[in-house]
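So this first bit is one chain, no partners, the form predicted alone, shown in C-alpha cells.
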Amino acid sequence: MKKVVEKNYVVVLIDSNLKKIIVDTAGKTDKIKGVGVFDPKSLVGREYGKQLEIGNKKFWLLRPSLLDKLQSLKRRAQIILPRDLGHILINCSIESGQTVLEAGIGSGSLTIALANAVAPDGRVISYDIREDFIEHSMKNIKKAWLAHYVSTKLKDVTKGIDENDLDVIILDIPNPWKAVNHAWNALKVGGYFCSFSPLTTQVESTVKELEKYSFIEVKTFENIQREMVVSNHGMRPSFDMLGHTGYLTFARKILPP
C-alpha cells in the first residue's frame, strides 16, 4: 500500500476537533469550509498519517475509511447512523457480489455503506420519490468514490419493484408495509427484508403484513448506544448519549408450504 497520496485519489483531512473533510485530489481549487481557498492537488505526494497545516488550521491526512465517509456527509435528510448500519449489514448478511435494493435514499448514508459492502462485483439499486434527494445523495456517493456500484430510480417502491431475484431489500420509508408484497415477489428464496421505522405503529403494521407472506426470522430491534469517556480521573458515561433513532425489522423469505 502506498505511503503517500497519489494523483486522483480521495483523502480525508481530520482536524484537532475530529471534524472530517473528504477531499478529491483531482478536484479544482475551491473554497472549502474550515480550510479556505485550497488546491486539492497540493496534497499529492504528502505522507499519510502526518499532520499538516492548511491556512491557519492543522489536519491529519489519512485514507478515508467507511466511517470517515459517513461522518463527512452533507445532509438534507435524517441519515441512518453507523450503529444501525452495522446491524443491517450483519442481519441481512450483505456481502460482495450481491444485488441490494433500497428505497428512501435520503442523504445516501445507507447507500454508501451498502455499496462499500457489495463492491467490487455487486450493485445497489436505490428508489426514491424525490429527485432532489437522489441528486443530493449521488453527490455524496460520488465523493465517496462508490457511484460505480449504485443506480437510482425515481420510483415509489409501494407501487412495485422492477427487479427480481434480489438478495436484500431495505426500506427507509414512512409506510414499509405497503411494499411487503412487492418485496416478497422480488426477493430470491433466502433473501432478506429490512425496514427502518421511527414509530412503533409503523413496526406493528409492517410485522402484521410480513405475517401474511412466507417469511421467517421476523424480528425487531432498537439499538441504543452509549459512549464511555475515559480520562486520567476515571471513566464515566458520556453526557451526550443519543437515544432512540428507530426500529429495525428483519425477515427472511422462504417458499410457501
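The first residue of the sequence shown is number 1, and the count goes up from there. Treat the numbers as computed from the prediction; the structure is a model and nothing was measured.
Quick note: we don't show the form predicted in complex with a small molecule, though the next part is all about it.
Colleague: Quick check on this chain: which one of 80, 187, 115, 180 has a heavy atom within 4.5 Å of the small molecule in the model of the complex?
Modeller: In short, 80.
Colleague: Taking heavy atoms only, is residue 133 within 4.5 angstroms of the small molecule in the model of the complex?
Modeller: The answer is yes: residue 133 has a heavy atom within 4.5 Å of the small molecule.
Colleague: Does the small molecule get within 4.5 angstroms of any non-hydrogen atom of residue 155 in the model of the complex?
Modeller: Residue 155: yes, in contact with the small molecule in the model of the complex.
Colleague: Heavy atoms within 4.5 Å of the small molecule in the model of the complex: does residue 146 have any?
Modeller: No, no contact at 4.5 Å.
Colleague: Evaluate residue 104 for contact with the small molecule in the model of the complex, applying a 4.5 angstroms cut-off between non-hydrogen atoms, and reply yes or no.
Modeller: Judged by the heavy-atom cut-off of 4.5 Å, residue 104 is in contact with the small molecule in the model of the complex.
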